[in-house]
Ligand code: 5GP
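To begin, one chain is listed below as C-alpha cells, in the form predicted on its own.
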C-alpha cells in the first residue's frame, strides 16, 4: 500500500488524505493532554476505545437526523470521514456544574444547572482557547447567524439524545465539547457535526457513585484512566462478549432525577 499523506496532527488524532476526494482518514492516538497540552501523557488503548465509542455515538446520532462527518470505521484505530472546513469554535454543552465553570462562577461541582448551558470557545492553542460570545463570532465572521442557529439547535438535540443514552447505562452526562464543519456543494454550504464524541471530550460520571469515567482521571491524577474508558465502552456494549447498549431513557424523567437526587462526585 502506498504511503498516505499526513494532513494534520492534533493532540488526540492524526488526519490523513482519504482514498477518495472529499474524504479523510482519522487516526485515534493514545496520547493524552490536559490544560492546553501543558500536561502530557499516554493512556494505553485509549485510541482504540475512543474510535469504537465515537463510531457508536455518531451512528446513533445519524439515526435521529443529525448530519455528521462519519462514514465508516476502517479498523481498530481509524475512521473514514468526510472532509470538512472546520468552524473555528469549540461548542461546550453543560448540564452540571464542573471544571472551568465551577471555578469561574464559584459553583459547587456536581450542582445541576437550571437549564442546559451552551458556551463557545475560539479554537486557538496559542490563545488557550478563549471563551467568546456570539457577538464576537458575528463580528469576526467565524460563523454566520444562520450557521450559529444550526449549531445551537444541533447541540441541544445532541445533548438531549446523549443524556438519555448515557442515563440508560447509569452514566450522567455532565458536559461535553462539540466541533462542527462546513461541507460545500458549489456555492452552498451546510453545517455538520465533526471531530469525535468520547470520554476524551465528555465528562461522564457514574450516576450512583459519582465516579469519574472520563479524561478528568488523567487531568486530576486520579489514576485508572484505562479502566474508566473501558467501563464506558463496556456499558455501551462495545467490548467483546457484552450485551448491546440499553435503550434511551425518557429524558424528562432523567432531568427530574438530576434535580431531585443529584449524585455528587467523590472528592
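Computed from a prediction, not measured in an experiment: that's the story for all the values here. Positions refer to the first chain, counted from 1.
This protein has a second form, the form predicted together with this ligand, left out of what is shown; the following refers to that one.
Engineer: Place this ligand, as positioned in the predicted bound form, onto this chain through superposition of its site C-alphas, and say whether the site is open or blocked according to the 2.4 Å backbone and C-beta criterion (3 or more atoms for blocked).
Structural biologist: After the site C-alphas are aligned, the pocket of the shown chain is open to the transferred ligand.
Engineer: Based on heavy atom distances of at most 4.5 Å to this ligand in the predicted bound form, which listed stretch, 88-96, 184-192, 160-168, 68-76, is the contact stretch?
Structural biologist: Selected stretch: 88-96.
Engineer: I'd like to know if residue 57 sits close to this ligand in the predicted bound form, meaning any non-hydrogen atom pair within 4.5 angstroms.
Structural biologist: Answer no; every heavy atom of residue 57 is more than 4.5 Å from this ligand in the predicted bound form.
Engineer: Does this ligand get within 4.5 angstroms of any non-hydrogen atom of residue 212 in the predicted bound form?
Structural biologist: The answer is no: residue 212 has no heavy atom within 4.5 Å of this ligand.
Engineer: Would residue 129 show up as a contact with this ligand in the predicted bound form if we use heavy atoms at 4.5 Å?
Structural biologist: Yes, residue 129 lies within 4.5 Å of this ligand in the predicted bound form.
Engineer: Does residue 53 reach this ligand in the predicted bound form, with heavy atoms at most 4.5 Å apart?
Structural biologist: Although this ligand is absent here, residue 53 would stay clear of it in the predicted bound form, with no heavy atoms inside 4.5 Å.
Engineer: Though the partner is not shown here, which residues of 158-184 have a heavy atom within 4.5 Å of this ligand in the predicted bound form?
Structural biologist: Stretch hits, in order: 175, 176, 177.
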